[in-house]
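Next comes just one chain, in structure tokens: the form predicted alone.
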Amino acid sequence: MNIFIFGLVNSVILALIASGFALVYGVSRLANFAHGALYILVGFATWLFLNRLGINYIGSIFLSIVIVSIIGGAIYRFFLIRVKGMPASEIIASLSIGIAIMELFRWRGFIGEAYMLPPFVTGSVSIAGVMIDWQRLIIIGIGLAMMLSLWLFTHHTKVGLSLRAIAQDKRASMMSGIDPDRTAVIGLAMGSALAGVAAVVILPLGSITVETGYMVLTDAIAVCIIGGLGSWMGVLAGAFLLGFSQILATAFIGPHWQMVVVLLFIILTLILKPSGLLGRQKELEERV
């Protein structure tokens, strides 16, 4: 029961982390390697608004997510649009922006365990004999609610349907009057906002560090590769597979094996099924 509960929490955390990365790639076919930097940017911004400017917690979270959404859209409009269509340049450009943001925080002295966000609700509760804190239960609730909201948004709103149209058939969408650059800006802004939501609900479990940004980027890439880029169900499947595998490795081998499990799953997926569990991209045999 302990493995099941904490495996579920870890899986939802990975799904939250990867959802923004998957959305950006699904809409614009752009791998946003600044994803981890935008994640910790929200954490540091929320901490600054809360502790230095005296804004209440809800207001700090709202302002941080709005700011990172604007920054995400600006990254595409002023930088990534200039290297659009060149995959290697897109990766290098987004990764460079991400590293610059993260190392800027390190340079300004935002290091150490002093930078922490308070939990939404303190205390813990016993579920089937397993003690779990309320913050982890909130993560499960917010994660499931966010996935449902994304599905409703992409299936029942005009903007969401335009994002799906671009993701499914770019040329036909352009013939229908949908601007791919505009939808890419919206997609990256939304992906950045999703990274921000993940940050404010997950970071209260620990301190805000620059290294967290690199770990979040690695986890997001791993989930999307394992589940399959371009597939929301694949992201969920990859998150649950990787999440429970990490908890099992921690329980039976040791916590230092978690990253080994992530890298092992990436390697095995690329060897056995390059398109991922539920990916829509062509298999390796079809490309050779």
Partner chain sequence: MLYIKNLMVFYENALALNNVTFTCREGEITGVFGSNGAGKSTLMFTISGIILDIKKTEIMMGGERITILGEIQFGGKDIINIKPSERTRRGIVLCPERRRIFPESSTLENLKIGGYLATRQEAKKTLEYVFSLFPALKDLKKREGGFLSGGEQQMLAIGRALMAQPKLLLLDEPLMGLSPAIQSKLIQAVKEINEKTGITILIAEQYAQPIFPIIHYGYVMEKGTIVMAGTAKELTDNPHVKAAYLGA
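Numbering follows the first chain given and starts at 1. It should be emphasised that the depicted structure is a prediction, and the values quoted were computed from it without experimental measurement.
Missing here is the form predicted in complex with its partner chain; even so, the following discussion is about that form.
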Task: Contact stretch among 153-161, 117-125, 196-204, 137-145 - heavy atom within 4.5 Å of its partner chain in the model of the complex - done: 153-161
Open item on the list: Quick check on this chain: which one of V185, I132, I71, I178 has a heavy atom within 4.5 Å of its partner chain in the model of the complex?
Closed with: I178
Open item on the list: Since only the chain is shown here, I'm wondering whether D169 would be in contact with its partner chain in the model of the complex (any heavy atom pair within 4.5 Å).
Closed with: yes
Open item on the list: Please tell me whether any heavy atom belonging to V210 falls inside 4.5 Å of a heavy atom of its partner chain, as the geometry stands in the model of the complex.
Closed with: no
Task: Any non-hydrogen atom of K84 within 4.5 angstroms of its partner chain in the model of the complex - done: yes
- [ ] Check whether M215 has any heavy atom within 4.5 Å of a heavy atom of its partner chain in the model of the complex, and answer yes or no.
- [x] no
